[in-house]
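Heads up, the chain below is alone and in the form predicted on its own; it's given as C-alpha coordinates.
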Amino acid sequence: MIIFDPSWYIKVKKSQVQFKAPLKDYCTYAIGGPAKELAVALTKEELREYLIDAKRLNKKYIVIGKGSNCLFDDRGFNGLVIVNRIQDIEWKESSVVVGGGYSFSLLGIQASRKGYTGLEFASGIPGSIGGSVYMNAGSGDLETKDVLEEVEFLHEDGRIEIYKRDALQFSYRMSIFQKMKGVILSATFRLKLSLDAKEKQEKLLAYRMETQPYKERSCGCVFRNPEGDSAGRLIDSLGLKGLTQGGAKISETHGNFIVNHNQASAEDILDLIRYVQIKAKHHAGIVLEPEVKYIPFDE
(Lines give C-alpha, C1' and ligand atoms only; values in the text may rest on other atoms or scores of the structure.)
Protein backbone atom coordinates (compact mmCIF):
# COMPACT_ATOMS: atom_id res chain seq x y z
CA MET A 1 0.00 0.00 0.00
CA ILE A 2 1.59 3.24 -1.18
CA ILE A 3 0.33 6.72 -0.31
CA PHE A 4 0.88 9.57 -2.75
CA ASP A 5 0.94 13.25 -1.96
CA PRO A 6 -1.82 14.68 -4.20
CA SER A 7 -0.16 18.12 -4.38
CA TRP A 8 1.14 17.39 -7.89
CA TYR A 9 -2.38 17.75 -9.25
CA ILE A 10 -2.99 20.97 -11.15
CA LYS A 11 -6.20 22.80 -10.33
CA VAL A 12 -8.48 22.70 -13.35
CA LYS A 13 -11.70 24.35 -14.31
CA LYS A 14 -14.45 21.84 -13.59
CA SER A 15 -17.21 20.98 -16.01
CA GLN A 16 -20.56 22.54 -15.22
CA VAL A 17 -22.70 20.97 -12.49
CA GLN A 18 -26.19 20.01 -13.66
CA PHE A 19 -29.27 20.50 -11.51
CA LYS A 20 -32.27 18.15 -11.56
CA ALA A 21 -30.59 15.85 -14.07
CA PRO A 22 -32.72 12.70 -14.67
CA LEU A 23 -30.87 9.71 -13.23
CA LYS A 24 -32.59 7.33 -15.62
CA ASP A 25 -30.15 8.67 -18.22
CA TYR A 26 -27.15 7.56 -16.13
CA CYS A 27 -27.94 3.92 -15.34
CA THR A 28 -28.54 0.77 -17.33
CA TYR A 29 -31.98 0.29 -15.76
CA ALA A 30 -33.21 3.62 -17.20
CA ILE A 31 -35.01 4.21 -13.90
CA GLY A 32 -34.73 7.08 -11.43
CA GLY A 33 -35.90 10.60 -10.70
CA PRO A 34 -33.72 13.73 -10.80
CA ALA A 35 -30.50 14.28 -8.89
CA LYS A 36 -30.32 17.48 -6.85
CA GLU A 37 -26.91 17.97 -8.46
CA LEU A 38 -24.97 15.92 -10.99
CA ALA A 39 -21.40 16.32 -12.20
CA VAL A 40 -19.59 14.31 -14.87
CA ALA A 41 -15.85 14.01 -14.18
CA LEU A 42 -13.70 13.39 -17.26
CA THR A 43 -10.32 13.64 -15.51
CA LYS A 44 -8.76 12.65 -12.21
CA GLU A 45 -8.32 16.33 -11.38
CA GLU A 46 -12.03 17.05 -11.85
CA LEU A 47 -13.07 14.04 -9.83
CA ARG A 48 -10.75 14.98 -6.99
CA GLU A 49 -12.17 18.51 -6.83
CA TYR A 50 -15.79 17.32 -6.84
CA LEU A 51 -15.01 14.90 -4.02
CA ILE A 52 -13.15 17.46 -1.92
CA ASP A 53 -15.91 20.05 -2.45
CA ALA A 54 -18.58 17.55 -1.38
CA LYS A 55 -16.63 16.72 1.78
CA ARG A 56 -15.86 20.37 2.58
CA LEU A 57 -19.49 21.47 2.11
CA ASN A 58 -20.86 18.39 3.89
CA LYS A 59 -22.89 17.38 0.83
CA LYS A 60 -24.47 13.97 0.49
CA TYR A 61 -22.85 12.37 -2.53
CA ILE A 62 -22.45 9.12 -4.43
CA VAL A 63 -20.04 8.18 -7.20
CA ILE A 64 -21.17 6.00 -10.10
CA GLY A 65 -19.61 4.72 -13.31
CA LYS A 66 -21.87 3.22 -15.96
CA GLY A 67 -24.67 2.81 -13.39
CA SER A 68 -24.99 -0.89 -14.17
CA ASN A 69 -25.47 -2.05 -10.60
CA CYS A 70 -27.67 0.85 -9.44
CA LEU A 71 -31.37 1.20 -8.83
CA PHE A 72 -32.20 4.84 -8.19
CA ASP A 73 -35.29 5.90 -6.28
CA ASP A 74 -38.25 7.18 -8.30
CA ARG A 75 -37.84 10.53 -6.53
CA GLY A 76 -34.17 10.72 -7.51
CA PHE A 77 -31.29 11.51 -5.18
CA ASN A 78 -31.27 14.43 -2.75
CA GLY A 79 -27.58 15.19 -3.10
CA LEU A 80 -24.66 15.20 -5.54
CA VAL A 81 -24.15 12.38 -8.04
CA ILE A 82 -20.60 12.26 -9.43
CA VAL A 83 -20.27 10.28 -12.66
CA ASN A 84 -16.81 8.81 -13.14
CA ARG A 85 -16.03 9.09 -16.86
CA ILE A 86 -12.25 8.77 -16.61
CA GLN A 87 -11.47 6.64 -19.65
CA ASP A 88 -7.69 6.79 -19.99
CA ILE A 89 -6.05 3.57 -21.12
CA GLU A 90 -2.37 2.66 -21.45
CA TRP A 91 -1.27 -0.66 -22.93
CA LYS A 92 2.10 -1.93 -21.70
CA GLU A 93 4.09 -5.04 -22.51
CA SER A 94 2.66 -7.17 -19.72
CA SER A 95 -0.12 -5.01 -18.25
CA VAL A 96 -2.79 -2.42 -19.03
CA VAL A 97 -3.69 0.62 -16.89
CA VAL A 98 -7.31 1.68 -17.29
CA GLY A 99 -9.37 4.60 -15.97
CA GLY A 100 -12.17 3.87 -13.51
CA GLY A 101 -14.88 5.02 -15.93
CA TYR A 102 -13.76 2.78 -18.80
CA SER A 103 -16.07 -0.02 -19.97
CA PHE A 104 -15.06 -3.39 -18.50
CA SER A 105 -16.74 -5.18 -21.40
CA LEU A 106 -14.86 -3.12 -23.97
CA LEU A 107 -11.58 -3.82 -22.17
CA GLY A 108 -12.24 -7.55 -22.38
CA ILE A 109 -12.92 -7.35 -26.10
CA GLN A 110 -9.91 -5.15 -26.83
CA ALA A 111 -7.50 -7.26 -24.78
CA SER A 112 -8.52 -10.49 -26.49
CA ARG A 113 -8.27 -8.91 -29.94
CA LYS A 114 -4.73 -7.83 -29.10
CA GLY A 115 -3.96 -11.46 -28.28
CA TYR A 116 -4.05 -11.22 -24.46
CA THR A 117 -5.83 -13.76 -22.29
CA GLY A 118 -7.40 -13.46 -18.84
CA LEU A 119 -9.99 -10.76 -19.50
CA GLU A 120 -12.20 -12.69 -21.94
CA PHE A 121 -14.84 -13.08 -19.20
CA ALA A 122 -15.21 -9.28 -18.97
CA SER A 123 -16.82 -8.94 -22.39
CA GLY A 124 -20.55 -8.57 -21.87
CA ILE A 125 -20.28 -7.45 -18.23
CA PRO A 126 -22.01 -4.05 -18.35
CA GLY A 127 -20.10 -2.17 -15.65
CA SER A 128 -17.16 0.21 -15.56
CA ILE A 129 -13.65 -0.69 -14.44
CA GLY A 130 -14.27 0.98 -11.08
CA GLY A 131 -17.55 -0.83 -10.55
CA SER A 132 -16.10 -4.19 -11.56
CA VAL A 133 -13.20 -3.85 -9.11
CA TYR A 134 -15.53 -2.56 -6.38
CA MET A 135 -17.84 -5.56 -6.79
CA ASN A 136 -15.18 -8.09 -7.83
CA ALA A 137 -17.33 -8.75 -10.89
CA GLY A 138 -17.02 -12.12 -12.53
CA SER A 139 -18.47 -14.79 -14.74
CA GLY A 140 -18.18 -18.52 -14.38
CA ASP A 141 -15.04 -19.38 -12.42
CA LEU A 142 -13.24 -16.10 -13.15
CA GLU A 143 -13.39 -12.86 -11.19
CA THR A 144 -11.82 -9.41 -11.52
CA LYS A 145 -9.33 -10.18 -8.74
CA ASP A 146 -7.81 -13.01 -10.81
CA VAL A 147 -6.19 -10.61 -13.29
CA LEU A 148 -5.86 -7.47 -11.16
CA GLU A 149 -2.45 -6.14 -10.09
CA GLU A 150 -3.19 -2.86 -8.31
CA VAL A 151 -5.75 -0.10 -7.88
CA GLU A 152 -5.36 3.68 -7.66
CA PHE A 153 -7.88 4.97 -5.10
CA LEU A 154 -8.90 8.53 -4.26
CA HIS A 155 -10.04 9.13 -0.68
CA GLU A 156 -12.63 11.82 -0.06
CA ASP A 157 -10.02 14.00 1.68
CA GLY A 158 -7.97 14.12 -1.55
CA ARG A 159 -5.34 11.49 -0.68
CA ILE A 160 -4.44 9.03 -3.41
CA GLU A 161 -3.40 5.52 -2.48
CA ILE A 162 -2.12 2.61 -4.54
CA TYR A 163 -3.42 -0.74 -3.28
CA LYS A 164 -1.84 -4.00 -4.34
CA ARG A 165 -4.29 -6.82 -5.03
CA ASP A 166 -3.40 -8.80 -1.89
CA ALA A 167 -4.49 -5.89 0.32
CA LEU A 168 -8.00 -5.67 -1.11
CA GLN A 169 -9.74 -8.50 0.81
CA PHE A 170 -11.51 -9.90 -2.22
CA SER A 171 -14.22 -12.51 -1.91
CA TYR A 172 -17.35 -13.35 -3.90
CA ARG A 173 -18.72 -9.97 -5.10
CA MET A 174 -16.86 -8.21 -2.31
CA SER A 175 -13.81 -5.97 -1.91
CA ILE A 176 -12.40 -3.68 0.75
CA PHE A 177 -13.65 -0.68 -1.24
CA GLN A 178 -17.21 -1.41 -0.13
CA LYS A 179 -16.13 -0.31 3.36
CA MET A 180 -14.34 2.84 2.19
CA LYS A 181 -15.33 6.35 1.12
CA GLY A 182 -13.84 7.58 -2.11
CA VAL A 183 -13.52 6.41 -5.69
CA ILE A 184 -11.43 4.07 -7.83
CA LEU A 185 -9.40 6.20 -10.24
CA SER A 186 -7.73 3.42 -12.22
CA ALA A 187 -6.81 -0.26 -12.17
CA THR A 188 -3.87 -2.21 -13.56
CA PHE A 189 -4.46 -5.67 -15.01
CA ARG A 190 -1.93 -8.36 -15.92
CA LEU A 191 -1.59 -9.32 -19.58
CA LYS A 192 -0.53 -12.69 -20.94
CA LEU A 193 -0.26 -13.56 -24.63
CA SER A 194 -2.47 -16.31 -26.04
CA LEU A 195 -3.20 -17.37 -29.60
CA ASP A 196 -6.80 -18.35 -28.86
CA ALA A 197 -7.85 -15.37 -26.68
CA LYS A 198 -10.07 -13.81 -29.35
CA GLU A 199 -11.82 -17.11 -30.09
CA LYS A 200 -12.47 -17.73 -26.38
CA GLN A 201 -13.82 -14.20 -25.90
CA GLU A 202 -16.19 -14.47 -28.87
CA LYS A 203 -17.55 -17.81 -27.65
CA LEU A 204 -18.12 -16.44 -24.15
CA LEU A 205 -19.90 -13.35 -25.47
CA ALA A 206 -22.06 -15.43 -27.84
CA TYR A 207 -23.07 -17.71 -24.95
CA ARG A 208 -23.88 -14.73 -22.74
CA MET A 209 -26.03 -13.11 -25.42
CA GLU A 210 -27.90 -16.39 -25.89
CA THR A 211 -28.53 -17.08 -22.19
CA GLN A 212 -29.06 -13.55 -20.83
CA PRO A 213 -31.47 -10.72 -21.78
CA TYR A 214 -28.57 -8.80 -23.25
CA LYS A 215 -30.67 -6.33 -25.25
CA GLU A 216 -33.12 -5.44 -22.47
CA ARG A 217 -32.81 -2.82 -19.76
CA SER A 218 -31.45 -4.44 -16.60
CA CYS A 219 -28.82 -4.11 -13.88
CA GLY A 220 -27.26 -7.46 -14.72
CA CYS A 221 -27.75 -10.17 -12.09
CA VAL A 222 -30.08 -9.01 -9.31
CA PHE A 223 -29.09 -11.53 -6.62
CA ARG A 224 -25.79 -12.95 -5.40
CA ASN A 225 -25.55 -16.69 -5.91
CA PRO A 226 -26.22 -18.62 -2.69
CA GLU A 227 -23.33 -20.82 -1.64
CA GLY A 228 -23.16 -23.94 -3.77
CA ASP A 229 -26.10 -22.92 -5.95
CA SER A 230 -27.19 -20.51 -8.66
CA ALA A 231 -29.76 -17.78 -8.01
CA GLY A 232 -30.96 -18.11 -11.61
CA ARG A 233 -31.50 -21.86 -11.25
CA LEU A 234 -33.34 -21.36 -7.95
CA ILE A 235 -35.67 -18.69 -9.36
CA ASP A 236 -36.34 -20.89 -12.39
CA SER A 237 -37.19 -23.84 -10.13
CA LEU A 238 -39.72 -21.66 -8.29
CA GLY A 239 -41.54 -21.01 -11.58
CA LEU A 240 -41.03 -17.26 -11.38
CA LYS A 241 -39.63 -16.55 -14.84
CA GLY A 242 -41.89 -14.19 -16.74
CA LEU A 243 -43.56 -12.83 -13.60
CA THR A 244 -44.42 -9.13 -13.94
CA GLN A 245 -45.08 -6.27 -11.56
CA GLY A 246 -46.06 -3.00 -13.20
CA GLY A 247 -43.44 -2.40 -15.89
CA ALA A 248 -40.90 -4.82 -14.39
CA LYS A 249 -40.50 -8.47 -15.34
CA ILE A 250 -38.41 -11.43 -14.27
CA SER A 251 -36.66 -12.33 -17.50
CA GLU A 252 -37.84 -15.43 -19.31
CA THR A 253 -34.29 -15.87 -20.60
CA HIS A 254 -32.50 -15.85 -17.22
CA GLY A 255 -34.23 -15.92 -13.84
CA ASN A 256 -31.65 -13.75 -12.08
CA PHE A 257 -32.43 -10.76 -14.30
CA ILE A 258 -35.30 -8.38 -13.59
CA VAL A 259 -35.80 -6.21 -16.66
CA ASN A 260 -37.37 -2.82 -17.22
CA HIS A 261 -39.95 -4.25 -19.58
CA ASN A 262 -42.30 -1.29 -19.93
CA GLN A 263 -41.36 1.96 -18.17
CA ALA A 264 -40.89 0.25 -14.83
CA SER A 265 -40.56 2.22 -11.62
CA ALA A 266 -38.04 1.54 -8.89
CA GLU A 267 -40.90 0.31 -6.73
CA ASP A 268 -41.86 -2.21 -9.42
CA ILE A 269 -38.32 -3.62 -9.33
CA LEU A 270 -38.19 -3.61 -5.53
CA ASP A 271 -41.57 -5.36 -5.30
CA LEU A 272 -40.31 -8.19 -7.52
CA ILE A 273 -37.07 -8.44 -5.52
CA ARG A 274 -39.03 -8.78 -2.27
CA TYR A 275 -41.42 -11.32 -3.77
CA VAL A 276 -38.58 -13.51 -5.04
CA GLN A 277 -36.87 -13.33 -1.64
CA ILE A 278 -40.07 -14.41 0.14
CA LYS A 279 -40.61 -17.32 -2.26
CA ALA A 280 -36.99 -18.47 -2.01
CA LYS A 281 -37.08 -18.37 1.78
CA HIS A 282 -40.48 -20.06 2.08
CA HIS A 283 -40.02 -22.83 -0.50
CA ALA A 284 -36.26 -23.46 -0.39
CA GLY A 285 -35.15 -22.04 2.94
CA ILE A 286 -32.62 -19.83 1.12
CA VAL A 287 -32.05 -16.14 1.82
CA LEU A 288 -31.29 -14.41 -1.48
CA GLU A 289 -29.10 -11.34 -1.03
CA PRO A 290 -29.46 -8.58 -3.63
CA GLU A 291 -26.40 -7.76 -5.71
CA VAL A 292 -28.01 -4.61 -7.12
CA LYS A 293 -27.59 -1.52 -4.94
CA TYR A 294 -30.79 0.41 -4.30
CA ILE A 295 -29.99 4.11 -3.79
CA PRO A 296 -32.73 5.86 -1.80
CA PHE A 297 -33.67 9.49 -2.20
CA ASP A 298 -32.11 10.49 1.13
CA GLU A 299 -29.23 8.03 1.50
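Just so we're clear, the structure is a prediction, and the values are computed from it rather than from any experiment. All residue numbers are counted from 1 along the displayed sequence.
Omitted here: the form predicted together with a small molecule. The next part is about that form.
The contact residue chosen from 261, 254, 48, 66 relative to the small molecule in the model of the complex is 66, the criterion being a non-hydrogen atom within 4.5 angstroms. Among the residues 81, 184, 119, 98, the one placing a heavy atom within 4.5 Å of the small molecule in the model of the complex is 184. None of the heavy atoms of residue 158 is located within 4.5 Å of the small molecule in the model of the complex. Using a 4.5 angstroms limit between non-hydrogen atoms, residue 212 touches the small molecule in the model of the complex. Under a 4.5 angstroms non-hydrogen atom cutoff, the small molecule in the model of the complex lacks residue 76 among its neighbouring residues. Although the partner is absent from this view, residue 244 stays clear of the small molecule in the model of the complex, with no non-hydrogen atom inside 4.5 angstroms. Shown here without its partner, the chain carries 28, 132 and 139, all of which come within 4.5 Å of the small molecule in the model of the complex through at least one heavy atom. Between 163-171, 89-97, 176-184, 196-204, the stretch whose residues reach within 4.5 angstroms of the small molecule in the model of the complex through a non-hydrogen atom is 176-184.
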